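Quick heads-up: it's one chain on its own, the form predicted alone, in structure tokens.
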Amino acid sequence: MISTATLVQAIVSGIAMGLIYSLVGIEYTLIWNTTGMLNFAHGKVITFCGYLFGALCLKQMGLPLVWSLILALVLAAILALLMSSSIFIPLRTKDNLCCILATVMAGKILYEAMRLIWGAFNVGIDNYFPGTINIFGATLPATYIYVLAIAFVMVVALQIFLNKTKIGKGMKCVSQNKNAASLMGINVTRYMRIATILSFVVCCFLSILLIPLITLSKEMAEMIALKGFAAGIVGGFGLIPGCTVGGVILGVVENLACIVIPSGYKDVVAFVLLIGFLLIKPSGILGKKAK
């Protein structure tokens, strides 16, 4: 018999991780919608931002938490400008395979840069979300509650930004039809840069949320990046609400599955769900079937 405390713990932690998957899916969506490219360097970008924040700002420079966050966000934005100017904008008219290979190689460069700068070993960072909280008899680390709250606010803020602001509406126009947007006087290149910066800023926030949950290491975000891509497919790729729904479903299902199966199979559950959707409903939960 499954206890209420176990069920609550699985659902709350599943929603928290699910929102993280949602944010990764949103990163893919932001760049896909404005450039038509898939950025398979996301895992390395998240990890690199984590090292900028944790290893550089907190450990080496000894900056306070807030100033570490600000500096890491600025450095992430600079990295976004470099990548958009060297990959996404020059290759936007090329074959998708060229773009995919370019992002994979960019990820390799970031990996080697981290290894050369910070070494091959993991970096220990003190938990800056300390404490525990009790919900219906389940004792949960306060980290999950912080992650849940911050990730939820970020998802809502991104929705408001894209739907209510001039820049957000411009990005949506570019995502729908680049040629038509250009003819209407919209600077497509500018919005591609903005979308990349926004995506990398989300990466930076993600790394900050992940550090208390996962040891700061070179591979910390690899599985998270894959599951974020899976969340986009499950919910409806290219749709921010779809990424949100897909991520939450993915996080909750894999946590509930671990109640009845060994936790070592947790990652398998997510990809079985992905394959099932590709076979049965490839457009995702909120996506529309292509005509």
Partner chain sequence: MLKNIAKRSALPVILLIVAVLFPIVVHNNYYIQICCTSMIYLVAVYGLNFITGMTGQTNLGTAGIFALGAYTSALFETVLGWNAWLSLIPVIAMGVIIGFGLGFPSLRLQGIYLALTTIALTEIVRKVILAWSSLTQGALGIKQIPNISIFGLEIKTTTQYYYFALVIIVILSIICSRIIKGKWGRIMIAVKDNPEAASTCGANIVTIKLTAFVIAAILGCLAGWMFCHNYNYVNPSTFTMDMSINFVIMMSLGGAGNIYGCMLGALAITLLPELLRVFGEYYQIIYALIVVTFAVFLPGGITSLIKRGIDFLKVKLRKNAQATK
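Numbering follows the first chain given and starts at 1. Predicted model only: the values in this text are computed from it and were never measured.
Another form exists, predicted together with its partner chain; not displayed. Remarks below refer to it.
Checking 133, 78, 113, 153 for any heavy atom within 4.5 Å of its partner chain in the model of the complex turns up a single hit: 113. Between its partner chain and the residues 57, 249, 257, 226, the one pair within 4.5 Å by heavy atoms in the model of the complex involves 226. Three-residue candidate spot 32, 233 and 275; every residue lies within 4.5 angstroms of its partner chain in the model of the complex by at least one non-hydrogen atom. Using a 4.5 Å cutoff between non-hydrogen atoms, residue 265 counts as a contact of its partner chain in the model of the complex.
Proximity of residue 157 to its partner chain in the model of the complex: non-hydrogen atoms within 4.5 Å are absent; the residue sits far from the partner. The closest heavy atom approach of residue 142 to its partner chain in the model of the complex falls outside 4.5 Å. Put simply, residue 91 is close to its partner chain in the model of the complex: some heavy atom of it is within 4.5 Å. Only one segment in the set 257-265, 47-55, 65-73, 241-249 has residues whose heavy atoms sit within 4.5 Å of its partner chain in the model of the complex; it is 257-265. Using a 4.5 Å cut-off on any heavy atom, the residues of 19-47 that reach its partner chain in the model of the complex are, in sequence order, 32, 38, 40.
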